[in-house]
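Only one chain is included here, represented as structure tokens and corresponding to the form predicted on its own.
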Amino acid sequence: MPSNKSVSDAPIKKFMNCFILKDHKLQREDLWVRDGTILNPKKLFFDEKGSADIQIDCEGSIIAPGFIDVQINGGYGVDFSLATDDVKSGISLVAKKILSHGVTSFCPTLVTSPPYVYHKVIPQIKVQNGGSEGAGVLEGIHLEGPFISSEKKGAHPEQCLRNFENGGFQEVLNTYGSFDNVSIITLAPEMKRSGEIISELTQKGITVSLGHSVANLSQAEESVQHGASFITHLFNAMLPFHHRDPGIVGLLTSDKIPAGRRIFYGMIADGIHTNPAALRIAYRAHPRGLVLVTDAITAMGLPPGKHTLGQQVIEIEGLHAYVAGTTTLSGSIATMNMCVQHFLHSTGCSVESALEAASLHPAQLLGIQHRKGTLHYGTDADFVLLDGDLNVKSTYIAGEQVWRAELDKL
């Protein structure tokens, strides 16, 4: 039966012989796509009398929503925090490369930098849809710093740290220069006047994340009351859990989260930043809030040696990335598919939970689950085909194949 073209001239694609992640379960079901959108086959059959123009045999693959990375500092020799005249080409290179990791959308992340870097770089990073040229820049940029604690600065350069005690929100605006295309800002909630800053940012539609901080639990809870909704790389660069005051970590089980709100938290599941036991504790305490992030730096995809991250020199030794001459970790060189696999194996969670931590949860964090992060009818047809071990076989954006493992080996 030919397709009914009264709705659209675009071909209808039917992905068959697959297990699709839908309603939190892997289901033996076909996936129908047209015009870059996932179709409801019942409406297609009964309302349009339509059928598939193209049938694709997935050979038993898992189909999951495309992965979303909300914290990635660069990769393949590119550092998003370098003030160049051609930031776009670096973004494009990384966007193209991470398709092989199953990533279809990402938030380029800038670490603590001098104001001139923000003023130079931020205007050059635009929100854009993904496609054959690479993963999409989702919602905008993640600004990690410079309004963070000097005690928990990690790899962030201390000379570039700032506060807003005197200047208030104007100081934040002056530092960044603009909030155009800014999606997430990480700050330390114990800083004076942080409540008003968080309120102002959330009113502008910016997600506020807590991190690089020595905040106690009450300070963290107060920041949530003002609108904060994310925790940057849980356990890393914050006070360790203590039974009398669990600090920011305590938000995972706090009874002071406003009704209808959910706290999300990033985890770097690379086997280095977080011990598997800590991964299990966090996941079992608050599974619906876990967001896998790579926190990948310039050296992702490059051989061992010295590389840059913002204002710092980073040294790669094996799978570890350190601030040169120290033992301070400075982001990872892990890929998102590696993080999904490590998370699955370390926690013993279901395959569905591991996949949703890299897709549904980051979409929910950013409030875009109506179009990204799921395979529901009417959402964007961004998805990844995986084998039973969760190795990426191919990546699709808007229903078009943008990467395939066999072609990458040629």
Partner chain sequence: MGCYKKLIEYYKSGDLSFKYVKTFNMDEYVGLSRDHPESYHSYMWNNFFKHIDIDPNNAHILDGNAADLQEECDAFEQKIAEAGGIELFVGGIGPDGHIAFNEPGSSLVSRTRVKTLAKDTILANARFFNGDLSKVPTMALTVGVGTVMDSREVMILITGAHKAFALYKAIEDGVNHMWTVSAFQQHPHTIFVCDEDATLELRVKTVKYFIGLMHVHNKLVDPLYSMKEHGNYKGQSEQ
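These numbers were taken from a predicted model, which means no experiment stands behind them. Positions refer to the first chain, counted from 1.
Only in words, not in the display: the form predicted in complex with the partner chain, which the text now covers.
So in the predicted complex, is the partner chain close enough to residue 41 to count as touching (4.5 Å, heavy atoms)?
Result yes; residue 41 sits at the interface with the partner chain in the predicted complex.
For residue 47, is any heavy atom within 4.5 Å of the partner chain in the predicted complex, or not?
Heavy-atom contact with the partner chain at 4.5 Å: present for residue 47.
Looking at the partner-bound form in the predicted complex, is residue 53 within 4.5 Å of the partner chain by any heavy atom?
Outside the cut-off, so no.
With the partner left out here, check for me: in the predicted complex, does some heavy atom of residue 352 sit within 4.5 Å of the partner chain?
Close contact is absent here: in the predicted complex, residue 352 is far from the partner chain, nothing within 4.5 Å, heavy atoms only.
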